[in-house]
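Take a look at this one chain, the form predicted alone, written out in C-alpha cells.
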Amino acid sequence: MARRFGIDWDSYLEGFHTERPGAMEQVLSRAVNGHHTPYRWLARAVSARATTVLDLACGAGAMTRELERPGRLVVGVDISAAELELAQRRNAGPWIRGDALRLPFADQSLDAVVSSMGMVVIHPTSALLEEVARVLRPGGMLAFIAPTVRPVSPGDIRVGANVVTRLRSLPRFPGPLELTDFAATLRSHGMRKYEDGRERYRITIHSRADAELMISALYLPATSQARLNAAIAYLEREVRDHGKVDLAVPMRRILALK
C-alpha cells in the first residue's frame, strides 16, 4: 500500500485492528439516524435478488450479519486475523482472510460487493475498483458507505472543532475521504454510479467509557496518547456539564452498477 501523509499504512492498520478488533463496529453500531444505523442503510441498498454477496473489509462482521437472509450466501473478506477471529466467534461465516486487491473469487462470480469503510481504507482506489469490477457479474452492484464531511449542524461543528483542537489532528485514511470525480473513476472501470447520498448519524456520549470508545475507533496515526487523553477529557467534561454530548457521524453511500 502506498504511503500517504508519510504514514506506513500497512503497519498502522495491522496494529490498529490487532489491538482493537471490533472498535469500528462498536462505534458505527451506536451511530443512529432515526431507527437505523449506517449498516442498516447500506444493507437496504442491496437487491433481494442478490444471492452471492461479498462483504469487503468485513472487520468483525457487523455488515455481514446485516446482509444475511434466506437463500443468500454472504462471504466476509478481511486482511486482519484479529478482526476475523472476532467475527468467527459471533457467526459461522464463511470468513476469508485475504487481500482486497487480489480477491479469491472467479471473474464475474458475484451479484454484489458491499463495503463499509473499505473504499477509504483500501488504497489505491483504482486497483480496488478494478478488482471489484472483475468479480462482479454484468448487472452486479457495488455498494459502500464511508465517512464524509457533511451534513453537519453548527453544534456539530463546535463539538468537532473542540475535539480536533485537543487531538491536534483530523482522523486520516489511506484513501481519499471525499472521492471527488468518482463517477468518472467508476466509468473507467466499467461501472456506472446511480446513487450518491449522504446522511447524518449521531453517537451520544454518556460517560468517559463512551468517550474512550469513540476516540479509540478513530484512525489517528500521528497523535500522541496525551492528545487522545485531552480529547477524552473534553468529552467527559461536556457530559458532566450537559448530561450528554452528541457527536455527528456524517456518512456517504454510493451505489454503482457494472
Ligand SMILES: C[S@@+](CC[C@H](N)C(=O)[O-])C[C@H]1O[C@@H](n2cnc3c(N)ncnc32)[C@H](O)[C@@H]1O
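The numbering used is simple: start at 1 and walk along the sequence shown. Note that the structure is predicted; figures quoted are calculated from it, not measured.
Just so it is clear, the following notes concern the form predicted together with the ligand, a form of the same protein that is not shown.
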Closest heavy atom of Met24 to the ligand in the model of the complex, within 4.5 Å or not?
yes
Consider Ile79 of the chain shown here, and say whether it contacts the ligand in the model of the complex, taking contact as heavy atoms within 4.5 Å.
yes
Since only the chain is shown here, I'm wondering whether Tyr201 would be in contact with the ligand in the model of the complex (any heavy atom pair within 4.5 Å).
no
Is Leu54 close enough to the ligand in the model of the complex to count, meaning some heavy atom within 4.5 Å?
no
In the model of the complex, does every one of Trp41, Phe144 and Ala248 come within 4.5 Å of the ligand, counting any heavy atom?
no
Which of these stretches, 134 to 142, 179 to 187, 150 to 158, 98 to 106, has heavy atoms within 4.5 Å of the ligand in the model of the complex?
98 to 106
Identify, from the list Ala87, Ile122, Val74, Leu110, the residue with a heavy atom within 4.5 Å of the ligand in the model of the complex.
Ile122
From first to last in sequence, which residues of 11 to 32 have any non-hydrogen atom within 4.5 angstroms of the ligand in the model of the complex?
Leu13, His17, Met24, Glu25, Leu28
